[in-house]
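In structure tokens, the next block holds one chain alone, the form predicted on its own.
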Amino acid sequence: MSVNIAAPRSQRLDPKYVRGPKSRGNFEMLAWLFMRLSGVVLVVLIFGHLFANLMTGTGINALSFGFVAGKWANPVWQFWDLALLWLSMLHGTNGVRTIINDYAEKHATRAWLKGILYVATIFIVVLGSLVIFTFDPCVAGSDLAQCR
């Protein structure tokens, strides 16, 4: 059993997408440029993250709640992980948005899929940012004298 996937439609040639010369502006070009630039920055952020977590100290055996607490006590690592979260989510969302535009045939389907995508992206970015900035290494029931 084979699955046939239609080739992406060119929006310039498809008459149902012709809206006029100023309807999209430079958004698609800027989205394309963002994908390339964020991809380069993400490679640096990811390999820095992997090196700091796995290569320094005792490697994967050191990864624990205490390791994360110690790492996030430094604002540099908070910013590093925040940049990694935001860039990876925006990069992935832009890629999925492009796939939705290429393969969703009906305008209503595209609108629903992109709406769900944007809501999920906002939810994950907000929740992840809150975790990074409100992280408290003092677990309930622990010795509070060491935490304060």
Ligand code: HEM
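All values reported here derive from a predicted model rather than from experimental measurement. For every residue, the number given is its place in the sequence shown, counted from 1.
One more form of this protein should be noted, the form predicted in complex with protoporphyrin IX containing FE, which is absent from this view; the next part is about it.
- In the predicted bound form, protoporphyrin IX containing FE stays beyond 4.5 Å of every heavy atom belonging to residue 49.
- Although the partner is absent here, residue 88 sits close enough that one of its heavy atoms falls within 4.5 Å of protoporphyrin IX containing FE in the predicted bound form.
- Although the partner is absent from this view, residue 99 contacts protoporphyrin IX containing FE in the predicted bound form, with a non-hydrogen atom inside 4.5 angstroms.
- Interface residue remark: residue 36 is counted as part of the site for protoporphyrin IX containing FE in the predicted bound form, having a heavy atom within 4.5 Å.
- This chain is drawn without protoporphyrin IX containing FE; in the predicted bound form, the residue among 60, 111, 119, 43 with a heavy atom within 4.5 Å of it is 43.
- This chain is displayed without protoporphyrin IX containing FE, yet in the predicted bound form the stretch 28-36 from 50-58, 63-71, 28-36, 111-119 comes within 4.5 Å of it by heavy atoms.
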